[in-house]
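This document opens with one chain alone, in C-alpha cells, the form predicted alone.
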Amino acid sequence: MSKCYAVASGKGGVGKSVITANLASALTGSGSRVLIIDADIGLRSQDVMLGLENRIVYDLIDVSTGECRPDQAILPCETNPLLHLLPAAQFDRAKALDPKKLARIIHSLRSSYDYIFIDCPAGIERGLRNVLNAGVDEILLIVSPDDVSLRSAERTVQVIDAKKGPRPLLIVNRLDGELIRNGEMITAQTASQVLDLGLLGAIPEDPVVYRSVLRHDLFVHYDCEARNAVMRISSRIQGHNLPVAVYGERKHSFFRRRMKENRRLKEVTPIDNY
C-alpha cells in the first residue's frame, strides 16, 4: 500500500511543482513506483516538466467523471518508466473536481504505486481544500525564506489544522548561503521554528534548477547541489535519519570569497545512466 503526500504552498513561485517532480523522480532511484497527480486544475504544469505535454488525451477530471479509466489517463515518463503522471485538466476549474471522487481515485491507485504525490494549487482556496477533503497521509509544505512566503505558509497551516489534516512537514527552498551569512536571509532551521513545523529538507538556490526547467527536464538529472539536497529529502522520506544541511553557517576565507566572486556560470553536467 502506497503513501500519499499532498505538496502545498501558501503562495505561488516558491518551487512547489518543480520540487514535486524532482522529488518523485528521486524516489524512483530505489526502485519505487511513483505517481504524480497534478491537482492544479486549469493551470497544470507537471506535464511540461516531465516532457509529456504532447501526449495527454485524458486528465484527472475525465477520470473523476467516468469519461475514462485511470490507466487510460496515466502516462509513464518516457525517460523513467517508474515515474507516472495523472495530468490536471487545462480548461476546467477547481470546482469541477469532487473531493469524494478524488479520494476514490487515490484509493484505487494505492496498490499500484509505492508513493503518490498530489501537486496542489498554490494558496488556500478550493483547490487545496479539495485535496485535504480527499484524505492524504502526509502534507509537504514548500516555502521560500522570506516574510511573504512564511506569512502565507502560516495561514495555510491554519487551514490544514481546521480541516483536521496531518501536521505538515516543511521544505525550505531557494536558500542563499551568502545572504544568510550577511544576515539578510533566515536559515531553514529558523523558518522551521517560526512555523513550528518539522523540517524535512533545505534546498539551496541553484542556477541549474531554472536551466533544467527551460529544457523541460528535471534537475535531479544533473550534477548540482539542488539535486544533492533533494536526494537527501528522498532518503528521509524512505526512513533514513539524515541531518538537514545548515546553509550559510560559517564564513568563507577571503581567498574563497574572491574565487566565488570571479566564478563563471556553473556548467550543467548530466549524470550518466540516471
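Please read these numbers as outputs of a predicted model, since none were measured by experiment. So that there is no doubt, residue numbering starts at 1 and follows the sequence shown.
There is another form of the same protein, the form predicted in complex with a small molecule; it is not shown, and what comes next is about it.
> Residues Gly42, Ala94 and Leu102 are flagged as a possible site; in the model of the complex, is every one of them within 4.5 Å of the small molecule by some non-hydrogen atom?
Negative, none of the three is within 4.5 Å.
> Give a yes/no on whether Gly127 approaches the small molecule to within 4.5 Å in the model of the complex, heavy atoms considered.
Gly127: no, not in contact with the small molecule in the model of the complex.
> Is Ser192 close to the small molecule in the model of the complex, meaning a heavy atom pair under 4.5 Å apart or at it?
Close contact is absent here: in the model of the complex, Ser192 is far from the small molecule, nothing within 4.5 Å, heavy atoms only.
> Give a yes or no for Gly177: in the model of the complex, does one of its heavy atoms lie within 4.5 Å of a heavy atom belonging to the small molecule?
No.
> Answer yes if any heavy atom of Ile233 is within 4.5 Å of a heavy atom of the small molecule in the model of the complex; otherwise answer no.
Output for Ile233 is no: heavy atoms all beyond 4.5 Å of the small molecule.
> Please determine, with the chain shown alone, which of 25-33, 205-213, 53-61, 235-243 has non-hydrogen atoms within 4.5 Å of the small molecule in the model of the complex.
That would be 205-213.
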